Ligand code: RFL
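Form predicted alone, single chain, as C-alpha coordinates, below.
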(Lines give C-alpha, C1' and ligand atoms only; values in the text may rest on other atoms or scores of the structure.)
Protein backbone atom coordinates (compact mmCIF):
# COMPACT_ATOMS: atom_id res chain seq x y z
CA UNK A 1 0.00 0.00 0.00
CA UNK A 2 1.43 3.39 -1.05
CA UNK A 3 1.11 6.17 1.54
CA UNK A 4 1.66 9.90 1.15
CA UNK A 5 0.97 12.97 3.28
CA UNK A 6 -0.23 16.48 2.64
CA UNK A 7 -1.75 19.37 4.52
CA UNK A 8 -5.08 19.60 2.64
CA UNK A 9 -6.58 16.69 0.70
CA UNK A 10 -8.96 17.95 -2.01
CA UNK A 11 -11.54 15.59 -3.47
CA UNK A 12 -12.73 16.62 -6.93
CA UNK A 13 -10.98 18.32 -9.86
CA UNK A 14 -13.83 20.53 -10.94
CA UNK A 15 -13.46 24.31 -10.75
CA UNK A 16 -13.91 24.36 -6.96
CA UNK A 17 -11.22 21.79 -6.21
CA UNK A 18 -8.78 23.11 -8.81
CA UNK A 19 -9.22 26.74 -7.79
CA UNK A 20 -8.80 25.83 -4.13
CA UNK A 21 -5.63 23.93 -4.96
CA UNK A 22 -4.22 26.93 -6.82
CA UNK A 23 -5.17 29.34 -4.04
CA UNK A 24 -3.46 27.10 -1.50
CA UNK A 25 -0.35 26.79 -3.69
CA UNK A 26 -0.04 30.57 -3.86
CA UNK A 27 -0.44 30.71 -0.07
CA UNK A 28 2.29 28.10 0.44
CA UNK A 29 -0.08 25.37 1.66
CA UNK A 30 0.44 21.83 0.36
CA UNK A 31 -2.45 19.95 -1.20
CA UNK A 32 -3.23 16.84 -3.22
CA UNK A 33 -6.25 16.72 -5.55
CA UNK A 34 -8.02 13.41 -6.22
CA UNK A 35 -10.42 13.04 -9.17
CA UNK A 36 -12.29 9.86 -10.06
CA UNK A 37 -12.63 10.68 -13.78
CA UNK A 38 -9.85 10.91 -16.36
CA UNK A 39 -8.47 14.21 -17.57
CA UNK A 40 -10.24 14.15 -20.93
CA UNK A 41 -13.63 13.68 -19.28
CA UNK A 42 -13.03 16.50 -16.80
CA UNK A 43 -11.81 18.94 -19.44
CA UNK A 44 -14.76 18.33 -21.74
CA UNK A 45 -17.68 18.58 -19.34
CA UNK A 46 -20.12 21.15 -20.77
CA UNK A 47 -21.12 23.62 -18.09
CA UNK A 48 -22.05 27.25 -17.55
CA UNK A 49 -20.06 30.22 -18.71
CA UNK A 50 -20.91 33.49 -16.92
CA UNK A 51 -18.32 34.65 -14.39
CA UNK A 52 -18.93 37.22 -11.68
CA UNK A 53 -16.29 39.87 -11.22
CA UNK A 54 -15.27 38.23 -7.94
CA UNK A 55 -14.54 34.97 -9.74
CA UNK A 56 -12.52 36.78 -12.39
CA UNK A 57 -10.57 38.55 -9.64
CA UNK A 58 -9.74 35.22 -7.97
CA UNK A 59 -8.43 33.76 -11.22
CA UNK A 60 -6.29 36.85 -11.60
CA UNK A 61 -5.05 36.51 -8.02
CA UNK A 62 -3.67 33.03 -8.75
CA UNK A 63 -2.29 33.96 -12.18
CA UNK A 64 -4.74 31.86 -14.20
CA UNK A 65 -6.36 34.55 -16.31
CA UNK A 66 -4.15 35.04 -19.37
CA UNK A 67 -6.49 33.25 -21.77
CA UNK A 68 -9.52 34.65 -19.97
CA UNK A 69 -8.26 38.17 -20.69
CA UNK A 70 -7.78 37.33 -24.38
CA UNK A 71 -10.93 35.36 -25.03
CA UNK A 72 -13.45 36.32 -22.32
CA UNK A 73 -16.40 38.46 -23.38
CA UNK A 74 -17.14 41.29 -20.95
CA UNK A 75 -20.87 41.99 -20.74
CA UNK A 76 -22.29 45.22 -19.38
CA UNK A 77 -25.84 43.88 -19.06
CA UNK A 78 -28.53 41.42 -20.15
CA UNK A 79 -31.86 41.67 -21.93
CA UNK A 80 -35.22 40.55 -20.55
CA UNK A 81 -37.82 39.75 -23.22
CA UNK A 82 -41.58 39.39 -22.73
CA UNK A 83 -44.74 40.28 -24.63
CA UNK A 84 -42.72 40.60 -27.82
CA UNK A 85 -40.35 43.30 -26.53
CA UNK A 86 -36.76 43.22 -25.26
CA UNK A 87 -35.67 45.37 -22.33
CA UNK A 88 -32.04 45.92 -21.37
CA UNK A 89 -30.74 45.85 -17.80
CA UNK A 90 -27.51 47.85 -17.82
CA UNK A 91 -25.21 46.51 -15.08
CA UNK A 92 -22.47 49.06 -15.60
CA UNK A 93 -24.90 51.97 -15.31
CA UNK A 94 -26.80 50.51 -12.36
CA UNK A 95 -24.00 49.12 -10.17
CA UNK A 96 -20.75 49.91 -11.98
CA UNK A 97 -19.81 46.26 -12.50
CA UNK A 98 -19.85 43.68 -15.29
CA UNK A 99 -19.78 39.92 -15.87
CA UNK A 100 -17.53 37.94 -18.19
CA UNK A 101 -18.63 35.14 -20.49
CA UNK A 102 -15.96 32.45 -20.44
CA UNK A 103 -16.94 28.78 -20.43
CA UNK A 104 -16.51 26.65 -17.33
CA UNK A 105 -14.83 24.12 -19.60
CA UNK A 106 -12.15 26.71 -20.38
CA UNK A 107 -11.75 27.65 -16.70
CA UNK A 108 -11.22 23.98 -15.87
CA UNK A 109 -8.61 23.53 -18.60
CA UNK A 110 -6.73 26.63 -17.50
CA UNK A 111 -6.68 25.50 -13.88
CA UNK A 112 -5.51 21.98 -14.77
CA UNK A 113 -2.65 23.38 -16.84
CA UNK A 114 -1.70 25.74 -14.01
CA UNK A 115 -1.73 22.90 -11.49
CA UNK A 116 0.48 20.71 -13.63
CA UNK A 117 2.81 23.63 -14.43
CA UNK A 118 3.66 24.13 -10.75
CA UNK A 119 4.11 20.41 -10.22
CA UNK A 120 1.48 19.98 -7.53
CA UNK A 121 -0.16 16.53 -7.21
CA UNK A 122 -3.30 15.98 -9.29
CA UNK A 123 -4.43 12.36 -9.40
CA UNK A 124 -6.95 11.45 -12.10
CA UNK A 125 -8.83 8.13 -12.11
CA UNK A 126 -8.66 7.84 -8.34
CA UNK A 127 -11.33 5.23 -7.71
CA UNK A 128 -13.26 4.30 -4.56
CA UNK A 129 -12.20 7.35 -2.58
CA UNK A 130 -13.15 7.01 1.08
CA UNK A 131 -12.75 9.46 3.96
CA UNK A 132 -11.67 8.20 7.37
CA UNK A 133 -11.36 9.91 10.72
CA UNK A 134 -12.72 13.28 9.63
CA UNK A 135 -14.21 13.82 13.09
CA UNK A 136 -10.79 13.36 14.70
CA UNK A 137 -7.44 15.13 14.62
CA UNK A 138 -5.78 13.11 11.85
CA UNK A 139 -8.06 12.30 8.88
CA UNK A 140 -6.95 10.17 5.98
CA UNK A 141 -8.25 9.06 2.59
CA UNK A 142 -7.97 5.77 0.78
CA UNK A 143 -8.37 5.31 -2.96
CA UNK A 144 -7.47 2.93 -5.75
CA UNK A 145 -5.20 3.85 -8.63
CA UNK A 146 -3.70 1.45 -11.19
CA UNK A 147 -5.08 -1.56 -9.26
CA UNK A 148 -3.24 -0.50 -6.09
CA UNK A 149 -4.64 0.81 -2.82
CA UNK A 150 -3.28 4.19 -1.73
CA UNK A 151 -3.50 6.13 1.53
CA UNK A 152 -3.42 9.91 1.72
CA UNK A 153 -2.92 11.34 5.22
CA UNK A 154 -3.74 14.98 5.81
CA UNK A 155 -4.66 17.70 8.28
CA UNK A 156 -7.93 18.63 6.56
CA UNK A 157 -10.21 17.37 3.79
CA UNK A 158 -11.92 19.68 1.27
CA UNK A 159 -14.90 17.96 -0.36
CA UNK A 160 -15.31 19.53 -3.81
CA UNK A 161 -16.72 16.41 -5.44
CA UNK A 162 -20.24 17.48 -6.34
CA UNK A 163 -23.71 16.43 -5.31
CA UNK A 164 -23.11 12.70 -5.83
CA UNK A 165 -19.62 12.65 -4.32
CA UNK A 166 -18.42 10.86 -1.23
CA UNK A 167 -17.77 13.96 0.87
CA UNK A 168 -21.28 14.96 1.95
CA UNK A 169 -22.27 11.30 2.20
CA UNK A 170 -19.50 10.82 4.78
CA UNK A 171 -21.17 13.22 7.22
CA UNK A 172 -23.63 11.38 9.52
CA UNK A 173 -27.14 11.99 8.20
CA UNK A 174 -28.55 13.03 11.55
CA UNK A 175 -26.11 15.96 11.61
CA UNK A 176 -27.21 17.35 8.23
CA UNK A 177 -30.19 19.52 7.45
CA UNK A 178 -31.08 19.65 3.77
CA UNK A 179 -33.39 21.97 1.85
CA UNK A 180 -34.51 20.89 -1.59
CA UNK A 181 -36.78 22.06 -4.38
CA UNK A 182 -37.13 20.25 -7.69
CA UNK A 183 -38.70 22.32 -10.45
CA UNK A 184 -41.36 20.72 -12.69
CA UNK A 185 -39.40 21.28 -15.91
CA UNK A 186 -35.92 21.13 -17.38
CA UNK A 187 -33.74 23.02 -19.83
CA UNK A 188 -33.21 21.55 -23.28
CA UNK A 189 -29.87 22.96 -24.37
CA UNK A 190 -28.12 23.14 -27.72
CA UNK A 191 -24.52 24.11 -28.44
CA UNK A 192 -23.59 25.10 -31.99
CA UNK A 193 -20.73 26.75 -33.82
CA UNK A 194 -22.75 29.72 -35.03
CA UNK A 195 -22.53 33.44 -34.14
CA UNK A 196 -24.73 34.45 -31.17
CA UNK A 197 -28.12 36.03 -31.81
CA UNK A 198 -27.12 39.01 -29.66
CA UNK A 199 -23.93 40.39 -28.14
CA UNK A 200 -25.49 39.97 -24.66
CA UNK A 201 -27.62 37.27 -23.07
CA UNK A 202 -31.38 37.33 -23.70
CA UNK A 203 -33.74 35.89 -21.07
CA UNK A 204 -37.21 35.38 -22.54
CA UNK A 205 -40.47 34.75 -20.70
CA UNK A 206 -42.92 33.41 -23.30
CA UNK A 207 -46.33 31.74 -23.25
CA UNK A 208 -44.69 28.63 -24.72
CA UNK A 209 -42.06 28.61 -21.97
CA UNK A 210 -38.74 30.18 -21.05
CA UNK A 211 -35.83 30.56 -23.49
CA UNK A 212 -32.25 31.79 -23.15
CA UNK A 213 -29.84 32.99 -25.82
CA UNK A 214 -26.26 32.72 -24.60
CA UNK A 215 -22.81 32.16 -26.04
CA UNK A 216 -19.37 30.77 -25.37
CA UNK A 217 -17.46 32.87 -27.89
CA UNK A 218 -18.15 35.12 -30.90
CA UNK A 219 -18.42 31.93 -32.96
CA UNK A 220 -20.08 29.47 -30.55
CA UNK A 221 -23.63 29.85 -29.22
CA UNK A 222 -25.48 28.20 -26.38
CA UNK A 223 -29.29 28.21 -26.33
CA UNK A 224 -31.88 26.77 -23.95
CA UNK A 225 -35.62 26.25 -23.93
CA UNK A 226 -37.85 25.23 -21.06
CA UNK A 227 -38.95 21.63 -21.60
CA UNK A 228 -40.30 18.58 -19.87
CA UNK A 229 -37.82 16.80 -17.66
CA UNK A 230 -38.43 13.56 -19.55
CA UNK A 231 -38.00 15.01 -23.05
CA UNK A 232 -36.62 12.53 -25.55
CA UNK A 233 -33.81 14.15 -27.50
CA UNK A 234 -34.62 12.10 -30.58
CA UNK A 235 -37.92 13.98 -30.71
CA UNK A 236 -36.02 17.27 -30.92
CA UNK A 237 -34.03 17.43 -34.15
CA UNK A 238 -32.00 20.58 -34.60
CA UNK A 239 -34.57 22.14 -36.93
CA UNK A 240 -37.33 21.86 -34.32
CA UNK A 241 -35.15 23.44 -31.61
CA UNK A 242 -34.18 26.37 -33.83
CA UNK A 243 -37.79 27.05 -34.74
CA UNK A 244 -38.84 26.96 -31.09
CA UNK A 245 -36.03 29.33 -30.16
CA UNK A 246 -37.07 31.81 -32.84
CA UNK A 247 -40.65 31.76 -31.56
CA UNK A 248 -39.76 32.25 -27.91
CA UNK A 249 -36.89 34.71 -28.30
CA UNK A 250 -38.43 36.72 -31.11
CA UNK A 251 -35.07 37.31 -32.78
CA UNK A 252 -33.40 36.21 -35.97
CA UNK A 253 -30.41 33.92 -35.55
CA UNK A 254 -27.86 31.98 -37.51
CA UNK A 255 -28.59 28.26 -37.27
CA UNK A 256 -26.39 25.24 -37.78
CA UNK A 257 -25.80 21.65 -36.72
CA UNK A 258 -25.62 21.06 -32.99
CA UNK A 259 -22.39 19.81 -31.44
CA UNK A 260 -24.10 18.96 -28.14
CA UNK A 261 -27.69 18.56 -26.96
CA UNK A 262 -28.95 17.71 -23.50
CA UNK A 263 -31.84 18.06 -21.08
CA UNK A 264 -30.93 19.26 -17.59
CA UNK A 265 -33.33 19.26 -14.63
CA UNK A 266 -33.58 22.37 -12.48
CA UNK A 267 -33.08 22.12 -8.76
CA UNK A 268 -32.43 24.21 -5.68
CA UNK A 269 -30.57 22.40 -2.89
CA UNK A 270 -28.67 23.38 0.24
CA UNK A 271 -27.08 21.14 2.86
CA UNK A 272 -26.12 22.52 6.26
CA UNK A 273 -23.59 22.69 7.84
CA UNK A 274 -20.72 22.80 5.35
CA UNK A 275 -18.25 21.43 7.89
CA UNK A 276 -17.96 18.27 9.95
CA UNK A 277 -14.82 17.98 12.03
CA UNK A 278 -11.93 18.40 9.62
CA UNK A 279 -14.07 17.86 6.52
CA UNK A 280 -15.21 20.99 4.66
CA UNK A 281 -17.69 21.01 1.77
CA UNK A 282 -17.48 23.41 -1.18
CA UNK A 283 -19.43 23.87 -4.40
CA UNK A 284 -22.07 21.40 -5.54
CA UNK A 285 -21.20 19.06 -2.68
CA UNK A 286 -23.10 21.49 -0.46
CA UNK A 287 -25.50 23.38 -2.72
CA UNK A 288 -27.09 23.47 -6.18
CA UNK A 289 -28.87 26.35 -7.89
CA UNK A 290 -30.98 26.41 -11.04
CA UNK A 291 -28.84 27.83 -13.85
CA UNK A 292 -31.13 30.80 -14.45
CA UNK A 293 -29.04 33.17 -12.34
CA UNK A 294 -25.61 31.86 -13.49
CA UNK A 295 -24.58 31.19 -9.90
CA UNK A 296 -23.32 27.57 -9.82
CA UNK A 297 -19.65 28.08 -10.67
CA UNK A 298 -19.60 31.45 -8.95
CA UNK A 299 -20.93 30.03 -5.69
CA UNK A 300 -18.21 27.39 -5.80
CA UNK A 301 -15.67 30.18 -6.22
CA UNK A 302 -17.06 32.09 -3.25
CA UNK A 303 -16.79 28.95 -1.09
CA UNK A 304 -13.17 28.66 -2.18
CA UNK A 305 -12.61 32.31 -1.31
CA UNK A 306 -13.67 31.72 2.29
CA UNK A 307 -12.03 28.31 2.64
CA UNK A 308 -8.66 29.24 1.13
CA UNK A 309 -8.34 32.21 3.42
CA UNK A 310 -9.28 30.08 6.40
CA UNK A 311 -6.54 27.56 5.58
CA UNK A 312 -4.04 30.35 4.95
CA UNK A 313 -4.82 31.88 8.34
CA UNK A 314 -4.49 28.49 10.02
CA UNK A 315 -1.09 27.69 8.54
CA UNK A 316 0.41 31.18 8.72
CA UNK A 317 -0.64 32.17 12.22
CA UNK A 318 -2.23 29.11 13.81
CA UNK A 319 -5.57 30.94 13.95
CA UNK A 320 -8.62 28.66 13.61
CA UNK A 321 -11.22 31.43 13.70
CA UNK A 322 -11.93 31.47 9.94
CA UNK A 323 -12.06 27.67 9.79
CA UNK A 324 -14.60 27.67 12.60
CA UNK A 325 -16.60 30.41 10.87
CA UNK A 326 -16.37 28.92 7.36
CA UNK A 327 -19.76 27.20 7.25
CA UNK A 328 -21.75 30.19 8.51
CA UNK A 329 -19.87 32.67 6.32
CA UNK A 330 -20.24 30.58 3.17
CA UNK A 331 -23.90 29.76 3.80
CA UNK A 332 -24.82 33.42 4.28
CA UNK A 333 -23.80 34.08 0.68
CA UNK A 334 -25.15 30.75 -0.57
CA UNK A 335 -28.67 31.50 0.64
CA UNK A 336 -28.69 34.93 -0.99
CA UNK A 337 -27.64 33.37 -4.30
CA UNK A 338 -30.27 30.65 -3.86
CA UNK A 339 -32.90 33.34 -3.34
CA UNK A 340 -31.85 35.22 -6.47
CA UNK A 341 -31.79 32.07 -8.62
CA UNK A 342 -35.19 30.96 -7.29
CA UNK A 343 -36.68 34.42 -7.89
CA UNK A 344 -35.38 34.72 -11.45
CA UNK A 345 -36.51 31.18 -12.24
CA UNK A 346 -39.97 31.82 -10.77
CA UNK A 347 -40.41 35.03 -12.73
CA UNK A 348 -39.29 33.82 -16.15
CA UNK A 349 -40.57 30.25 -16.49
CA UNK A 350 -44.02 28.98 -17.37
CA UNK A 351 -45.58 27.36 -14.32
CA UNK A 352 -49.28 28.08 -14.77
CA UNK A 353 -52.06 28.55 -17.30
CA UNK A 354 -51.66 31.93 -19.04
CA UNK A 355 -55.05 33.08 -17.70
CA UNK A 356 -54.30 32.17 -14.08
CA UNK A 357 -53.74 34.59 -11.22
CA UNK A 358 -50.17 33.29 -10.85
CA UNK A 359 -49.35 34.01 -14.49
CA UNK A 360 -50.65 37.55 -14.13
CA UNK A 361 -48.45 37.99 -11.06
CA UNK A 362 -45.43 36.92 -13.11
CA UNK A 363 -46.31 39.53 -15.72
CA UNK A 364 -46.78 42.19 -13.06
CA UNK A 365 -43.36 41.30 -11.62
CA UNK A 366 -41.73 41.64 -15.04
CA UNK A 367 -43.43 44.97 -15.72
CA UNK A 368 -42.39 46.28 -12.31
CA UNK A 369 -38.81 45.16 -12.90
CA UNK A 370 -38.54 46.96 -16.22
CA UNK A 371 -40.32 50.08 -14.93
CA UNK A 372 -38.33 50.50 -11.73
CA UNK A 373 -34.67 51.50 -11.58
CA UNK A 374 -34.55 50.26 -8.00
CA UNK A 375 -35.77 46.80 -9.08
CA UNK A 376 -33.31 46.67 -11.98
CA UNK A 377 -30.52 47.71 -9.60
CA UNK A 378 -31.41 44.82 -7.29
CA UNK A 379 -31.25 42.40 -10.23
CA UNK A 380 -27.95 43.85 -11.42
CA UNK A 381 -26.41 43.78 -7.93
CA UNK A 382 -27.22 40.08 -7.55
CA UNK A 383 -26.33 39.08 -11.11
CA UNK A 384 -22.83 40.58 -11.06
CA UNK A 385 -22.26 39.01 -7.64
CA UNK A 386 -22.75 40.10 -4.06
CA UNK A 387 -19.57 41.01 -2.15
CA UNK A 388 -17.71 38.32 -0.22
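Residue numbers count along the first chain shown, from 1. Computed from a predicted structure; not experimentally measured.
There is another form of the same protein, the form predicted together with the ligand; it is not shown, and what comes next is about it.
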One stretch from 232 to 240, 163 to 171, 83 to 91, 148 to 156 that, in the predicted complex, holds residues within 4.5 Å of the ligand by heavy atom: 163 to 171
Option touching the ligand, based on a heavy atom within 4.5 Å in the predicted complex, out of 255, 227, 217, 104: 104
The ligand: the contacting residue among 196, 77, 139, 291 in the predicted complex [heavy atom, 4.5 Å]: 291
Interface membership of residue 323, the ligand in the predicted complex, 4.5 Å heavy atom rule: no
The ligand contact at residue 11 in the predicted complex, heavy atom, 4.5 Å: yes
Contact flag, residue 176 vs the ligand in the predicted complex, heavy atom cut 4.5 Å: no
Contact label in the predicted complex: residue 295 to the ligand, heavy atom within 4.5 Å: yes
Partner contacts in the predicted complex for 61 to 82 (non-hydrogen atom within 4.5 angstroms of the ligand): none
